[in-house]
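Below you will find one chain, with nothing else, as structure tokens; this is the form predicted on its own, and questions on how it binds or moves follow later.
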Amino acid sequence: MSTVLYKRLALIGIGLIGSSIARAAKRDGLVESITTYSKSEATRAKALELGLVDTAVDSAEEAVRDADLVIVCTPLSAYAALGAVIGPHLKAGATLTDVGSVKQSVIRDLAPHVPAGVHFIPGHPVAGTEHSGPEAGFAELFRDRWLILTPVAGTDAAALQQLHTFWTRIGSKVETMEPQHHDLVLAITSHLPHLIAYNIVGTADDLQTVTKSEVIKYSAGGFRDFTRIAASDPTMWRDVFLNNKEAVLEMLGRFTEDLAALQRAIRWGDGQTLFDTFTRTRAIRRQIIDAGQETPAPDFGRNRPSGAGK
């Protein structure tokens, strides 16, 4: 029995996520051929050199023509322009999905360009590393990680199931969610932590009384973990915050209030409040590990397999 789910896969963008999808799809024989488009000639050449794709083209419309599955893997700021370009060239019966970390903006930017007969099913693999580029991907990136689908009203059930199966076969645990709820959940579990990491590393860099060499030399585990997060793709994260600003600002307000409470506890020597808070948050960490979403390792369990790329 054939394992092929889609004859032709088109990847619009082939950085960490796109190249990992390509590797996993090829490994598991889920597609017959893979085409990619990247505006960078060097990136297209690297994708071919690494054997990630069968063809690499210099226009998005050529990439999606005759494709059965199109996955947009670019920064969010490129979606609207891409939608206008590829929309007229999507074939009837094809599925259009994406990997963006914000879903309401994806629907806003892509849905108006999706022709009748094309199945538009936004998606978000909750997986990644701080690395980027086609060399950074690895087939196991999605193993036992969540993939959230946010289907729009009227989505074809068979197309949704086929895409569900695609992600399941490359190792993801798939769940469906309303776009607005997705953006709120990810604002607190992913977007706000990245904002805090960028800020604290920036604060350390700005300190006048502590030299940069001392920050690097004496970095304890906690600061090292922040620097890993803060090394993430700046273009991607700029777009995340600009496109999910309402949810992020709501979570940032809650965080600021809670931080002020801890500040008061420290100022007034309220050890009980500090102890109670730390005990409660320690229990959350244990629940994450027990749920299989993490390891007890101090590096967050993010070590990649050898040979996974730079």
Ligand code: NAP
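Keep in mind the model is a prediction, meaning the values are calculated, not measured. So that there is no doubt, residue numbering starts at 1 and follows the sequence shown.
There is another form of this protein, the form predicted in complex with this ligand, and it is not shown here; the text below is about that form.
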**Prompt:** Would residue 115 count as a contact of this ligand in the model of the complex, using a 4.5 angstroms cut-off between non-hydrogen atoms?
**Reply:** no
**Request:** Please run the contact check for residue 244 against this ligand in the model of the complex: heavy atoms, 4.5 angstroms, yes or no?
**Result:** no
**Prompt:** Hey, in the model of the complex, does residue 129 get a heavy atom within 4.5 angstroms of this ligand?
**Reply:** yes
**Message:** With a cut-off of 4.5 Å between heavy atoms, is residue 138 one of the residues that contacts this ligand in the model of the complex?
**Reply:** no
**Message:** On the criterion of a non-hydrogen atom at 4.5 angstroms or closer, are 43, 79 and 124 all touching this ligand in the model of the complex?
**Reply:** yes
**Complete:** Of 39, 254, 264, 280, the only residue with a heavy atom within 4.5 Å of this ligand in the model of the complex is 39
**Request:** May I ask you to choose, among 171, 193, 87, 75, the residue with a heavy atom within 4.5 Å of this ligand in the model of the complex?
**Result:** 75
**Complete:** Per contact check vs this ligand in the model of the complex (non-hydrogen atom within 4.5 angstroms), the hit among 100-108, 199-207, 159-167, 222-230 is 100-108
**in the model of the complex, residues of 6-30 near this ligand [heavy atom within 4.5 Å]** = 12, 13, 14, 15, 16, 17, 18
